[in-house]
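Next up: a single chain in C-alpha cells, the form predicted alone.
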C-alpha cells in the first residue's frame, strides 16, 4: 500500500497524455510529416522544463527523499547514441508510439499497443544481451 502513490501518479500521467493527445497515432504522424506544431510544442516544453529542473537540482544541491545529494554526472559521447536514436525514431515513426505513452494507449483501448509493448521489451532485452559486444 505504500506504493499506491506511484500508481496514482502513473494514472494521472496517463490521463494527461491522453487528454493532451500525445498518445494519438494521428498526432505523431502529423509530427513526422511536419504537418502540425502540436507535438513539437509538447516536446519543446518538456525540454525547457528538463533544462530548468536540472539547473535547479545542480545549483541548489537538492537531495533525494532519503537525504542523499542528487549527483548528475557528465556523459561522454559515443556513436551508439545517434545510432540508437535513429532506431528509436524509426520505431516511433513506424508504430506511431513512443514507449512512454504505450501503456496509456493500451489503457485507452488500443489493443495493438500490447504488441508494441512486447516489441519494446524484446528490444530492451536484445540490447541488454548485446550491450557488452557493441562498439562504444
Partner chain sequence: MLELLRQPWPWYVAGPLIGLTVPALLLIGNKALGISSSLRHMCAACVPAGIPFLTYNWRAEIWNLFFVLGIGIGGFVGYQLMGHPDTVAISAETVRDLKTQMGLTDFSGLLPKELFALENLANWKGWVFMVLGGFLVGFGTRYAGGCTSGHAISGLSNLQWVSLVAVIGFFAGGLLLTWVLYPLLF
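Positions refer to the first chain, counted from 1. In this text, the rigid core denotes the largest set of C-alpha atoms whose superposition between the two forms falls within 1.5 Å. Every value quoted in this text rests on a predicted model; they were computed, and no experiment measured them.
The form predicted together with its partner chain is left out here; the points below concern that form.
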Spell out, yes or no, whether the shortest heavy atom distance between residue 81 and its partner chain in the model of the complex is within 4.5 Å.
-> yes
Interface membership of residue 60, its partner chain in the model of the complex, 4.5 Å heavy atom rule | no
Output the sequence-ordered list of residues from 6-25 with at least one heavy atom within 4.5 Å of its partner chain in the model of the complex.
-> 6, 7, 9, 10, 11, 13, 14, 15, 16, 17, 18, 19, 20, 21, 23, 24, 25
Hey, does residue 94 budge by 2 Å or more at the Cα between the shown form and the other one once the core is superposed?
-> no
Would you say residue 58 moves its Cα by 2 Å or more between the shown form and the other one, aligning on the core?
-> yes
